[in-house]
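Next up: just one chain, as structure tokens, the form predicted on its own.
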């Protein structure tokens, strides 16, 4: 049962993290972030960092995996937002 729960957590982590890929690709291709809120992405990235720390402290691989990927992708969007604004 524990492996099934971990599997569900990893599927959830993978799909929610993957949802950032299309936005990152679009931002990198167009270098346009005019419709992206700096405030929202700043708070989002900070929240993801907190979740990552939480996952590390809890030694939860699903939480760690999701948030490592998401913080990288969110960080890329933030970088472009700040650089090209």
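Keep in mind that what you see is a predicted model, and the values were worked out from it rather than measured. Numbering follows the first chain given and starts at 1.
There is also a form predicted together with a further copy of the same chain; it is not shown, and the following applies to it.
- In the predicted complex, a further copy of the same chain lies within 4.5 Å of some heavy atom of residue 34.
- Taking non-hydrogen atoms only, residue 72 never approaches a further copy of the same chain to within 4.5 angstroms in the predicted complex.
- Heavy atoms of residue 28 never reach within 4.5 Å of a further copy of the same chain in the predicted complex, leaving it off the interface.
- At the 4.5 Å threshold, heavy atoms of residue 82 stay clear of a further copy of the same chain in the predicted complex, well away from it.
- In sequence order, 26, 32, 33, 34, 35, 36, 37, 39, 40, 41, 43, 44, 46, 47, 48, 50, 51, 53, 54, 57, 58 are the residues of 25-60 having a heavy atom within 4.5 Å of a further copy of the same chain in the predicted complex; the partner itself is omitted from this view.
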